[in-house]
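Shown below, as structure tokens, is a lone chain in the form predicted alone; questions about how it binds or moves come after it.
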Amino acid sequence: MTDSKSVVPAHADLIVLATHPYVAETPLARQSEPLTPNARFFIRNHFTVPALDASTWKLSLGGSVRLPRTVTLAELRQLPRRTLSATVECAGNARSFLPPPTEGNQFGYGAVSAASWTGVSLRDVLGPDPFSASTREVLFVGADRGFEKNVGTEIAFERSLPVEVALDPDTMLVYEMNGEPLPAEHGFPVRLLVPGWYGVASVKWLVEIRGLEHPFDGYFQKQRYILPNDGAEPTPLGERRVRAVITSPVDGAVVQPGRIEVRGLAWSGNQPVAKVELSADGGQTWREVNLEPASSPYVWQWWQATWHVDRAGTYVLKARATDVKGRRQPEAAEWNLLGYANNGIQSVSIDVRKAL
């Protein structure tokens, strides 16, 4: 296949935040399947989607790699094929709930989706001992480019990884999403997948991998997608923080007293969630709920609970997750200038009324 279908015209279920470049999130109420259909998968682009042809696409391997060369899609497909289910979350997810307001796309809780990704392990592409001993990082360059006003010139989207992360067997070059060729908006024909990390690491429309002997200081590495570091130089975003969300009932729902089913999703970074707790009184008391076991260290887990309520009134539901490393979701995340990695606890207001 030499081209890819766009999912944009068919995604009436998405909430569009911007069109140039295209940015859209998935309504939580529409997250009803184990994996998100491609047409409902959130979209976060920094520049215009590049028009690439799979038959002529090439991946350049250079810098401090021991064997500089180019790789075609046909050559990638000859390597051991593997499939991995993983959640991808934008670092700006839930930015709109982080007071005071920050710059950036004002996402609700829908800048997150999960898919089955098929491709090859990056280390199978690079081969054994692929970098010189002086290599510090591995740079990934996308074909998407555009004028960045904060830089004052046109730049490509580029991010780097520590060598050990790049060579992890689960770091992949993927060419299929939910059993179909990658849609244009999601990186066709090949993208990087760094499962367990914020989506910024999973560079789309990948065209170059370069070994670096010095830390990368590009715009999307040093000025964006960073977190404060106790007064030291900011740290580039990496592994996702633990989080639980309520998908049903939705905020503002009106329900009758009685038995109410509450459902949601929970995820962390490179490890499963161990437990999810639910509060029906705004966080004063908590109880553990039923949590589905993890099918992958990197994919979200469904949870559910039955809430019995007899009295009419307004109730605030909250859910919080704890992962297997013991990291629990905070009531409120620490504020940062760009509104990244907000994993503060979600509040869902429910109006319980008796039927007339």
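The numbering used is simple: start at 1 and walk along the sequence shown. Remember, predicted model here, so these are calculated numbers, not experimental data.
The same protein also has a form predicted in complex with a small molecule, omitted here; what follows describes it.
Shown without its partner, this chain lists Leu173, Val200, Val273, Leu161 as candidates; in the predicted bound form, only Val200 has a non-hydrogen atom within 4.5 angstroms of the small molecule. None of Glu148, Asp144, Asp124, Asp168 but one reaches within 4.5 angstroms of the small molecule in the predicted bound form through a heavy atom, and that residue is Asp144. Although the partner is absent here, His46 sits close enough that one of its heavy atoms falls within 4.5 Å of the small molecule in the predicted bound form. Though the partner is left out of this view, Phe131 does not reach within 4.5 Å of the small molecule in the predicted bound form, counting heavy atoms only. Residue contact with the small molecule in the predicted bound form: Ala266 places no heavy atom within 4.5 Å of it. Taking the partner from elsewhere, Phe97 is found to have every heavy atom lying beyond 4.5 Å of the small molecule in the predicted bound form. Stretch-level contact check against the small molecule in the predicted bound form with heavy atoms at 4.5 Å: of 36-44, 63-71, 315-323, 293-301, the positive one is 36-44.
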